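Here we start with a single chain on its own, the form predicted on its own, put down as structure tokens.
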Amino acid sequence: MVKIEYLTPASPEERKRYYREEWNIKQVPEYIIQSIQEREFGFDHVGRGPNDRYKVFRTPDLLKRFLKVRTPFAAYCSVAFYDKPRRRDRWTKAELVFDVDAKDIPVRTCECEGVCEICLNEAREIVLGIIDTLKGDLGLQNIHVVYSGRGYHIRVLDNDVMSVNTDVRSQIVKYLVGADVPENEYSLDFEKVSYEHFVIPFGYPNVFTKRVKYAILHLNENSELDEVNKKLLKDVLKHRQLIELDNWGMFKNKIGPQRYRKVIKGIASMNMSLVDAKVSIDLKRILRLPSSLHSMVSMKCTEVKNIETFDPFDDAVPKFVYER
């Protein structure tokens, strides 16, 4: 197994070896190859961010030649489709995307400064939860997962969401991550009744309950939640085994209803950081090209066939890393 200290930048010579000896155009997902003429490509040649934008390739073979000759530090392609991609003109639609970066997860059980096996696995858990909601609640099916090098990209190509605007994408993000505390008062037979989110086993309250459960089970004594002081955090950690057993009512009673409300408000606010919302609402975003090299950590940006069994330290390590 590759150790974390191996996640170091690739040298120019290693980049050349990767693109000229290991990389293959067949590793680029079919959903990109089929639309290659409609997408903008971008490249970073020196490690300071994508500075070579507005590239277009009429055929996969032209993209192949470019990568093998230029061996870039990073390669990207747009989630947007254009009639004239060279000028990013006449936008037609865009994938709905979600960026889960392990180093930016708001609650992690590890204490690493970058990424490690623990937080990468926790990023995978978050991805699994989002995919479950995309399929179960939104009925979406054309979903692809890409290991980005330090986390995961979820790319949705269902026609129902490809043309939606920024506002709708923002609402979808909030729903998926559980960023709003659900209303707990309902009208029933002309009377108002109150139900907590955890007693409603469907729809948004159910999604919210799952996200709150994930957050509480991953908090530690150094976690920070809006309006949650150290004493309240300590009580949450003390009684969270009740959440693990889905004894929500007992948990709420242990810490007190008012304090419980503070906790879920704090978690709802924090949940917006589970994904990079700026990426999701950007209709012209470029993302790392699946199959390209993440040179900062010497990992392959890899299309994930089975997220349940995917292990980046088995499936996304370039050969040159083993030969260092």
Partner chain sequence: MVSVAFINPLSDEGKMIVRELGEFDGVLSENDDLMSIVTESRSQEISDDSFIPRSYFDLALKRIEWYAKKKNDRNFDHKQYDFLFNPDINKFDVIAFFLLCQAIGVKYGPNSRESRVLVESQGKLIENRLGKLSKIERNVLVTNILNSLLSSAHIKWTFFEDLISSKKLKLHELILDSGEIILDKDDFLERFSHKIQGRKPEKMYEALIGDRIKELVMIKMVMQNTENYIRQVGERSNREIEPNPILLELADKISEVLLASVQTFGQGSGGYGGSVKASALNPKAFPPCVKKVMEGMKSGGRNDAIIMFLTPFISYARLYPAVFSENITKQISDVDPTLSIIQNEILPLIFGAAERCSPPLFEDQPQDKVNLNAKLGFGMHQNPELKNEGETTWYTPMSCEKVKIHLPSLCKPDETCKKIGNPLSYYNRKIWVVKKESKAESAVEEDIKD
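Predicted, not measured: the structure shown is a model, and the values here were computed from it. Residue numbers count along the first chain shown, from 1.
FYI, the form predicted in complex with the partner chain isn't displayed, but the following is about it.
Fill in: Per-stretch contact check against the partner chain in the predicted complex, the hit in 39 to 47, 63 to 71, 286 to 294, 267 to 275 (non-hydrogen atom, 4.5 angstroms)
Contact-bearing stretch, as computed: 267 to 275.
Discussion item. Counting any non-hydrogen atom inside 4.5 Å, which residue from Cys112, Leu128, Val164, Ile118 sits next to the partner chain in the predicted complex?
Written reply: Only one listed residue qualifies here, and that residue is Val164.
Fill in: The single option of Leu245, Val199, Leu217, Met250 touching the partner chain in the predicted complex, heavy atom within 4.5 Å
Only one option qualifies, and that one is Val199.
Worksheet item: Do Trp91 and the partner chain come within 4.5 Å of each other in the predicted complex, heavy atoms counted?
Response: Because no heavy atom of Trp91 falls inside 4.5 Å of the partner chain in the predicted complex, the answer is no.
Worksheet item: Within a 4.5 Å heavy atom cut-off, is Leu233 in contact with the partner chain in the predicted complex?
Response: Because no heavy atom of Leu233 falls inside 4.5 Å of the partner chain in the predicted complex, the answer is no.
Worksheet item: Closest heavy atom of Gln241 to the partner chain in the predicted complex, within 4.5 Å or not?
Response: Outside the cut-off, so no.
Worksheet item: For Glu227, is any heavy atom within 4.5 Å of the partner chain in the predicted complex, or not?
Response: Taking the distances in the predicted complex, the answer for Glu227 is yes, it comes within 4.5 Å of the partner chain.
Practice prompt. Note that the partner chain is not shown here; using its position in the predicted complex, name the residues of 35 to 50 with a heavy atom within 4.5 Å of it, in sequence order.
Written response: Nothing in this stretch is in contact.
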